[in-house]
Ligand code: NG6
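Consider the single chain below, provided in structure tokens and representing the form predicted on its own.
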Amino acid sequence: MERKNKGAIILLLLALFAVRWTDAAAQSGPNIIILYADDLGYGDVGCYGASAVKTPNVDRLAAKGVRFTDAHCTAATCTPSRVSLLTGIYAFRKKAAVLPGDAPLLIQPGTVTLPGMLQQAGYTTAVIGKWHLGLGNGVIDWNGHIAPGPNQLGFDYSFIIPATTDRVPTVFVENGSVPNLDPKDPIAVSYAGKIGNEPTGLSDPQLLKQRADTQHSNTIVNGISRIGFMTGGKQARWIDEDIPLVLNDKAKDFIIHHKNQPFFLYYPFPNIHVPRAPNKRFAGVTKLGPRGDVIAEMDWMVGEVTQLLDSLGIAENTLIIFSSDNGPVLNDGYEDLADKRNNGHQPARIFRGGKYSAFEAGTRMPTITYWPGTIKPGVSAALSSQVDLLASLAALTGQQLPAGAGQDSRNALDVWLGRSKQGRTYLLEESYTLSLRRHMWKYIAPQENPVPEWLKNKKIEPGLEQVPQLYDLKKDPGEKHNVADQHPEIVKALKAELEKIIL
């Protein structure tokens, strides 16, 4: 009997040791969360100089992490930036542009992606929020299983806004299916012309919460007219004001259910993209109108995630990367008083341009890395690009990228973790032309095509000229003085380097 008891005790101890070893092995790599704002400018949060809107949760990340002053998304528009972030490939190589709401999947299954690489490292992966990288292979049946999509690119779980909140269909897609869809009320979508008899912004403007330009004046959903036409799916349609609550619940559930194993959460917020429709708890909290209110709402979304990590005791094993997909824009299709109520707020601070622009405000993003106990608080002026996240996080998790994968991504892990301030020598910026940074020199390639009328209406300087532009950002961060004629040798060198990258 005594021998049996001793054997049972030994087996129990071995089992306990195995459980502890399994838990330790599962947590060998840090959790990784990318909090990705939309259209958030360099100067739109407190830690980058904003005073008209309070962002205590983002500011807390900056105070306890690394705040970057020269970090960039790869492009001045959303779809291209997201392509580069997830693949480590410049978007121009894929001819990526802002996609319509019914576009096919832009990234081909089989491409090495950030979530796919992390899956190989043992991570459970999720995307929750705005997608805007296309779905399916062409014509999408919104009433069946929608594939390929995020789940075919390395995400174990997906709960997405298919395109943007100003485009139809105004429904979520969860793991390839529209939740809460009534089969008796099927969804139909058209970007070619009107379908059905639902009111539009042009036919029934009295139904609108906020008026819009012609492009955004198609089918009305929740008092907001959109780009494109849709019918059906009424039970599945979102309420704009509740989107942040729905997404946060999904994000928190994912974190809670995977707290004991390494996870990767890509959380691309819809904030602060138009249409700006803050939840009632945030409506009116700033003097900037809806644009300021949805910045405050975005900050709350950040706080909900970070507070949960603290409460679960996993903050010290979680790397958070906070940034944005492109620069700011006030007027982007809807009359929400963003320009009239801006009250001296500087969304881009001292930088010129914004969303769509070749100037610095198009891609210079508020960027913060936060990892308590690992990252030392500080400020970094290292020239950095989101295209490097693939190679950097591969290095963090001990993964070797296959040959040819992430061809534009470089291992900058020490920079992201604040251990080095030696950033990129060259940095590409995409807009409606290509620009190249070398340290503080900025070259903007000439663009022969005229500035399109729709871009002129955005009241943003596009930075498009028919002659080369060269700026010394150390002396002239606002890019006011083109010195190309004074430094032809630098123009020649940067032009040659840009052509080498393009090949």
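Here the structure is a predicted model, which means the values were calculated and not measured. Quick note: we count residues from 1 along the sequence shown, nothing fancier.
FYI, the form predicted in complex with this ligand isn't displayed, but the following is about it.
With the partner omitted here, the stretch from 229-237, 164-172, 197-205, 110-118 that lies within 4.5 Å of this ligand by heavy atoms in the predicted complex is 164-172.
Shown here without its partner, the chain carries D213, H216 and D332, all of which come within 4.5 Å of this ligand in the predicted complex through at least one heavy atom. Checking R364, R291, K130, H345 against this ligand in the predicted complex, a heavy atom within 4.5 Å turns up for just one residue: K130. A heavy atom within 4.5 Å of this ligand in the predicted complex is found for one listed residue only; from L312, V98, A395, I350, this is V98. In the predicted complex, this ligand lies farther than 4.5 Å from every heavy atom of T318. Although the partner is absent from this view, Y356 contacts this ligand in the predicted complex, with a non-hydrogen atom inside 4.5 angstroms. When contacts are judged by a 4.5 Å heavy atom cut-off, N326 counts as touching this ligand in the predicted complex.
None of the heavy atoms of R276 is located within 4.5 Å of this ligand in the predicted complex. Contacts with this ligand in the predicted complex, taken as any heavy atom within 4.5 Å, map within 443-462 to W454 alone.
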